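Heads up, the chain shows up twice below as C-alpha cells, two forms, tagged structure 1 and structure 2.
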Structure 1
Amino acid sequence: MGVADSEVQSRIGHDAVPDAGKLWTDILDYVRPRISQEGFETWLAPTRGRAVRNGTLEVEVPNSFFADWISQRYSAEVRAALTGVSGQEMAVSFQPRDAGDSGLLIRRSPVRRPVLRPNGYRLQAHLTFDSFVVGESNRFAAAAARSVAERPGASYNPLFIYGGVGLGKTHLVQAIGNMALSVKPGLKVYYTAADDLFIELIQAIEKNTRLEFKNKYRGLDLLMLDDVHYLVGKERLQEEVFYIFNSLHDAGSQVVFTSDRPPQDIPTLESRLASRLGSGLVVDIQPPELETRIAILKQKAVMDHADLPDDVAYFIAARVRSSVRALEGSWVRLLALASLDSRPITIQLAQETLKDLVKEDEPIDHNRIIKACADHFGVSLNEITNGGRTKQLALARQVAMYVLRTTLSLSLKEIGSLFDDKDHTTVMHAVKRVNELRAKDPAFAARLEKLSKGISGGEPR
C-alpha cells in the first residue's frame, strides 16, 4: 500500500459507522488512478455513496445497466479499494435509482487486479483469440501468436510483437497464455509487464530474495513480458531480463515480448539484449483498417448485448482511426449515455455524445490517396495509374492499392478500375505483397505507417 493509500485508510479505517458519501469518495480516490480517465468519468463519476447498512455500503448508480457494467468491468478495482481504504469487513451494493431494480453485490476481497485465472498466471480469461478481431493490419501477428500458443517453444522463439498504444498487443499475448493453458493445463505460464518486473526486482533486492526471484522466472514454460520498451535506462533490469531469457531459451521454454517499437529501435538497450529480443520472429500490429474497426465495434456490441446499427458503426469507425482502445472508448461512452437517457443508438446520438472525442475530418477519397502515394514515391499521377513497369512504379502502384483497400475498404474490382482496369487478381497480389514487405521489413513498415498517417491527417507526409 502506498503513502496516499495509507493516508486514506487512516482517515476512515477506524470509524465505527463510516459516512457513506465520504467512504465512497475515498474509494473513488483510490480507484481513479488505476483505471482510464474515460472509464472513470463515464461509469464511476455519476455514482454516490448512499448509506451503510448491515456491513454493506450502498452506492447509487443511474440505472441497472450501470450496476451491471461496473460490476463486470471494475469489480477488481472496487475490491482493491475496499481492502485498501475501508479498514472494515464490508461489501458494496450498487443500487439503481429506480427502486424496482435489484442491486448487484461486490463483496470484499483482497484482489487488486482483474486476474481471472487461478495459480498466479495473471491472465484475464476474456482475452482470447476468439475475442480478437483479425484484419489485414494484424493478421500475421495473430497467426504467429496462435502458432506459439499451440506449440510453445517449438517455433518463433522468441516472438516479439510491436505496435502503437492500444492496438491489441496485450490482448494477443494474453490469448497466447490462455490457449497454451487450455492445450496443456500443467504448463508453468506467467504474464507480467516490464514495469511490474522492475518493481519486483527492487523488492527482491531490498528483501535479499533475489534467488527466489530468479528461480521463479527461470522455471517457467512460457513467459510473456509486456512493454519491454520500459527497460530503457534500467541497466540492472536489462541484465536480469537477459539472463532470464537465456535460461528459458536454453531450456526450450517459450518467451513472448511486446513493445511499442522493434528491438533495434529501443534506445539505450544493451546490444546483446536487443540481439536476443530480435533473434526470433518480429511482427508488428498496425492501426486497424476501416473494415476491421467496424468489425471490432460490432463484436463489442454483441458482447454488451446492445444493438449497434450499421450506419452508426461506420460513423464511429470512419472517425476513430488511431487505436482499438480509442475505438472501444468511444463505444463505451455512447453506450453509457444511451443507457442514461434511455435513447436508441442512432447517428444523431453518436454525433452528440462523441463530438469531443471524434473530429470531423476532411473526407478521404481515392484521388487523394493515389496522389499522396505518387508524391511519396516521386512519380506522376498518370504513371502510377496508367503506365510504366519500373520497380519504383510497381511498388508505388502496389502501395496505393494496399492503402485504398485498408483505408476505404474498396472492393478489389473497384480498386482495379482506378488503375487502367487492372484485374482483381492483380490488386489481390499487390495487397499481399505489401503485407509481406510490411511484416519482413521494419523500415518499410515505418515508411508505410508514415504515409498512411499523412493521408489521414495524422502527421506530415
Structure 2
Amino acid sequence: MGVADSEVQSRIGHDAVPDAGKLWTDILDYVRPRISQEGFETWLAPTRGRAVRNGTLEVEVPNSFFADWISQRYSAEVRAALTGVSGQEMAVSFQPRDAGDSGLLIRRSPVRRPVLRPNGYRLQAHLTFDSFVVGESNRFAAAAARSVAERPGASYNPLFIYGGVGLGKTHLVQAIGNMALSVKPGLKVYYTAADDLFIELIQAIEKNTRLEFKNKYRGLDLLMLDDVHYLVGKERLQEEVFYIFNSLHDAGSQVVFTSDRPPQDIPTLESRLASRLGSGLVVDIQPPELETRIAILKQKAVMDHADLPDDVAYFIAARVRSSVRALEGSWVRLLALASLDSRPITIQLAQETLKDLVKEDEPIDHNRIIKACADHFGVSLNEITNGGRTKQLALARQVAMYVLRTTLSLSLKEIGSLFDDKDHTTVMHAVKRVNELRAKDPAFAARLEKLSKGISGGEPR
C-alpha cells in the first residue's frame, strides 16, 4: 500500500522517504484535476513528500509562505485525497525547505489563519464581507447580500445573483453564510453548488436515501445554491430544486441563488421554476472597473501582509481586466515569485509574472481609444473631447465613451472626466444610445466592432 504506520516508520527511518514520496505523488494526482491548473503549478508542483512520522505525512515546500498558502487554500482537497489514497487517518504537515526560513519578504501573521467552521456548513472562512471589495460594479449585489445575511428570510427572498465567471458570486454567497452564522450561531446554514447537489441527488437515488436527502434540505434556515445555470437540461434536478425551494420558502427560510445569467435566460428551465428563481430580488455583478481592480489588489496585499506599491497595483490592474479571479491569479503568482526569489514587488517583477499569464491583455490607454474614435469619424481630438455639438461630433463622442466603457471597463465618472468633465449620467446615456444603435443597425454594429477590434489589436483604425 505504500503507507507505513508509525511503528514501521520509526524502525525504517530514512527508508520511509520513497514511501512518503509515492504517497504524496498519489495525493497530488488526486488533487490535480480538482483545483485550477494555475494553482497546481504554482503551489503544489514544487512540493515533495519527505517522510511519514507518527501518523503525519511531512511534505517539503519551498518556504513558509507556501506552507501557509497550501494549508489555507488546499487543505480540503488534500484531506479528501488522503482518505481516498491512504485509506487511513493521517495528518499532513507542510514544512519549509530551510528550517530557519522566516517566510522571506512576506510574513503572514498566524492570527489571519482562518478558523475552519464545522464542515457541515461548507463555508470557507476567508470569504467574508470584510474581504469583499465593493465598487460600482458590485455595489448593489453586495448591499442586497448584506441585508440578506443580517436578516435571512426577512428581506429579499429568494436573492438571485448573476454575473460572469470569476466576478465574485461564490465569494458573496459564502460571505452571506459566514455573516448569518456569526449573527446567529445556531442557524442552519448550508452552501452547495448545483453540480454537487446533482451528485448528491444521484447518490440518494442509488442508495435509496431520498428521504434523508429531502429532510436535510427541508430543515435549513438558509440555503445558498451556487451556479444554478447548471440546471439546464437536468429535469430531475430541476424538479428537486423546485421542491426544495418551495418547502424552504413556505417555511420562511432564505434561499440565495447564483448563476452566470439572469433567470429568464436559463434555457429550457421549466417555467414554473424559472419564475420562482426570479420571484425575489435579481441583482447582477459586472466586471470591476479600474479603481475597483486596484482596490482589490491592494486589499489582497494587505491580507497577505505584502507591500504592494501603487504603481505596481496600477500596472497589474490596467492589464488584467477580465475577472477578479484572473486578477487574483496574477497577484498570487507575483507573490509566489517574490517569495521564491526573495525579491521586492516591483513593476519589473510584475512584468515577468504577467508575461506568461495574460498574453492578450495588452494595456490600452484611454487616449489611444479617443484618438482612434476621432480618426474614425474624421474629427479632431480637441473637437471630440471638448464642446462641439454637431450630430457627427455627438455620435463620435458617444461611441468613444462606449468603447472606453466596454474595452477598459472605466467607470462612468472616470469616462466623464475625460470629456471636459461630463456628468456620469451623460456617459450612461451615451452607452445606452450606442447600444440601441448597435441593436437596430447592423452596419453600425459592424463598424463599431471593427473599431473596437482595431483598438485592442493595436491598429489605430
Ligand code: ADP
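Keep in mind it's a predicted model, so treat the numbers as computed, not measured. Basically, rigid core = biggest C-alpha set you can superpose within 1.5 Å across the two forms. Counting starts at 1 and follows the sequence of structure 1.
Selected structure - criterion: the form predicted on its own: Number 1 is right.
Exceeds or equals 2 Å, Cα of residue 346 between the two structures, core fit: Superposed on the core, residue 346 moves its C-alpha less than 2 Å between the two structures.
Exceeds or equals 2 Å, Cα of residue 72 between the two structures, core fit: Where the cores coincide, residue 72 still shows a C-alpha shift between the two structures that is 2 Å or more.
Rigid core superposition, residue 325 Cα moves 2 angstroms or more between the two structures: Stays below the 2 Å threshold, so no.
Per-residue C-alpha deviation between the two structures [residue 52; rigid core superposition; Å]: It moves 4.6 Å at the C-alpha.
Core-aligned Cα shift of residue 62 between the two structures, given in Å: A shift of 2.4 Å.
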